[in-house]
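Shown here is one chain on its own, the form predicted on its own, set out as structure tokens.
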């Protein structure tokens, strides 16, 4: 294997569903040096390969699935692979990362990723077994839920097969349909499952027997074991997110979110939930059967839960998370944990994003209580906040695009535009992507993070709310004081975190592994690839963010789109965050500073000087940046 391929297989699969042709091509290693893999490399591929203005659900769309150089190695918390696609929800790029074992298995089969294009004339699935790659007839699994389809594929090809698959929502092109891996892990947000469905692609199944070569194996092993033992297993901050030693996984977030008043409640009308104790981590622990970790991960943050009594006996969720519980629970005023688990199970079974599902249900309930939707509109469902059975039935209707479900399957931006009557004011999204489970009025910098995140309202691209509520954040090596209600310092913190997260999400590494740049991720990468320049996370991350922005500009995004739902500017929160609101003046201050620090113009366009600094000036020229 060549030196350049350390950490990589050096090969991509290209699958043309229209013709059925499958080919192997070399990975663009020059781009890999600039963008690493996963998110960053996928954004570059689609910038080059997608024509402007294409229909995300048309045959001209493409799906890129990529691993990172750390995927499949011993590096801790590095199981990830990423789907990158033009979103049918937002009409701009989205990169959706998932864990489990699928990414490592694909590397072991000999591929860094694949590019899927065209549309199959009939339902198919892609079967990868090392060098044997073929499209198989999916007639027997089309129409099956994700759990059943996965079971059937494993029965046919072996239980050690790793499967990522869509359900009814993807087949019916629900705009927030997800792709589910191994029953629990999801490429969840922005509608990747709908793109699969539009292409008549039901699943990708893989089994590999190879390995991943690295540049400095002894150093990588030594550092990985040290991090696992000294950092991930013994560090109190990390242990909060584990499922072991009393850790509560991501559900531990619910306590502080409720205490500070940023827990979405009744479609973001409030930031605390008076029945939080019925759906918090302590209650989840009571129904947790075991904790599970992804490939090469000591964290075990996934709570596998099962309801063993009552109306929803038998309900199970393979990975019960804070975002899902908050959006399907408090945001819909639902406090029965068994019902929240049932809603989560249905999202997994049918393949739907739990964040958007909880957001659109909360919006629909809000509309119903305001009289903007009636039982005539909702097929007789009384969509009041807290109506457990109505929420369950509504999810079924969304997955099948039946009745009111057809409207909500479009996502909250399109649904509110159709309903009108002022419902747009409380449609909680940015650029069409629904707001996740952190109300930014409590720490206004989180509003800037949502507004400027490349794919829309994503909390994983910058997370200044945590630093604001707990006293500060780093910029470089220096701590910065953040006042949660004042706009100062948030622009530089968001930029710093943008770059770090873009870098991290391009390596194969997980969001809950190494919390900050000082924790050796760049060193892991150098030991893996042998490239000293790969440690420059600031420049690589900035290059990724600017390439992402250029794609969005090409699709019509500008300053007017870098904004927030009107409710965040107009509706102060009640206690415990009494009076918290984002003033338009403070928001404009943050946005102007963000653009200026980035080297972008007033409309949010990267300057040619900035692009030249990052070595991607030719991309700017392609879209008219001079």
Partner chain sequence: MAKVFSIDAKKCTGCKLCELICSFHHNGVFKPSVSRIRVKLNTREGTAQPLICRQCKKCTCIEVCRPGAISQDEKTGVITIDHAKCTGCKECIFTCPFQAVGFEEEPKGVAIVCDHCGGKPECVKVCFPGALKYIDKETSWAPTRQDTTSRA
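Here the structure is a predicted model, which means the values were calculated and not measured. Positions refer to the first chain, counted from 1.
We do not show the form predicted in complex with its partner chain, though everything after this point is about it.
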Residue 197 within 4.5 Å of its partner chain in the predicted complex, heavy atoms: no
4.5 angstroms heavy atom contact with its partner chain in the predicted complex for residue 211: yes
Heavy atom of residue 88 within 4.5 Å of its partner chain in the predicted complex: no
Residue contact check: residue 292 to its partner chain in the predicted complex, 4.5 Å heavy atom: yes
Candidate stretches 263 to 271, 153 to 161, 88 to 96, 377 to 385, one within 4.5 Å of its partner chain in the predicted complex by heavy atom: 153 to 161
Candidate from 108, 368, 142, 551 lying within 4.5 Å of its partner chain in the predicted complex - any heavy atom: 108
The unique member of 417, 392, 480, 225 whose heavy atoms fall within 4.5 Å of its partner chain in the predicted complex: 225
Residues 511, 559 and 625 all lining its partner chain in the predicted complex, heavy atom within 4.5 Å: no
Residues in 66 to 89 with any heavy atom within 4.5 Å of its partner chain in the predicted complex: 72, 73, 74
